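Have a look below at one chain only, the form predicted alone, in structure tokens format.
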């Protein structure tokens, strides 16, 4: 169904206003909340790309074009610390997940600027390499695909703990060629020991410089889960309405039936792989522009309000950059800090983060 028809699906008189995709519906408030998150994540990423080119940062990698599905994922998760809440095994294209969870763009920009106030790595890691213990966000790694094999570990703890906590693992289509992905499928589906792992593959059609069709013999990544008995679906990851309901279905299976579910979201890659390739703007569909056209057509927002949101968000991001670049940089010797956790059983370095193990 095209955007125009999807926005004009007839609903009963006095039904709540919102947007529809086929028989799926989202309220106006939810749509506008998602739009705001998507715009904040996008403006932040686009400014970080400029930072990589201006010398305010060194390297950029992120997820412009993947905001719709990621915003839906972050909003539906249970944020907290410990196995009663959801665990996040993310990759470096998940900025919108973090914004939806409550991350201030300033924090991500601090990591881009490599300042010591970076709350994720004290300025020592690439941008979009998040970690936050209070939210169960495990450290993002540059090593492709290793998050897949970690997810069954936290899910096993959650199943033993009880409750409805889910281990959410997100990766790109290219990363599913790694053995860690196959291991995730195996360990999540052992007989009588299935695990609540929500697997989300963001298929933007490319892996650095290779296309999906040149690397994978199957048309859909989700088909690789079928031999393991994993239920799943393919969704238009550029459609926030369809994405919301796909995440909702997956969450329900994992939370209530305590078994895995896979979502393959077809998304866009708007600025290439990273700043290493110059981060040129592509001609892929833009999920924010598509969403805004639907919101306007449905009478849920007008062009003036959209422009105001973009302007206010741009000002917010510019203020964050201005603050971050003034903050302190790491100094020689900082690389030893927090390399090891304090160990009261170590008689030599019981409270020393910098000592030998």
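Model, not experiment: these values are computed from the prediction. Positions refer to the first chain, counted from 1.
Just so you know, the form predicted together with a small molecule exists too; it's not on screen, but the next bit is about it.
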{"query": "Candidate from 104, 223, 286, 178 lying within 4.5 Å of the small molecule in the predicted bound form - any heavy atom", "finding": "178"}
{"query": "Option touching the small molecule, based on a heavy atom within 4.5 Å in the predicted bound form, out of 173, 236, 118, 194", "finding": "173"}
{"query": "Interface membership of residue 232, the small molecule in the predicted bound form, 4.5 Å heavy atom rule", "finding": "no"}
{"query": "Proximity of residue 92 to the small molecule in the predicted bound form, heavy atoms at 4.5 Å", "finding": "yes"}
{"query": "In the predicted bound form, residue 144 touching the small molecule (heavy atom, 4.5 Å)", "finding": "yes"}
{"query": "Contact test in the predicted bound form: residue 218 vs the small molecule, heavy atoms, 4.5 Å", "finding": "no"}
{"query": "Candidate stretches 150 to 158, 106 to 114, 136 to 144, 251 to 259, one within 4.5 Å of the small molecule in the predicted bound form by heavy atom", "finding": "136 to 144"}
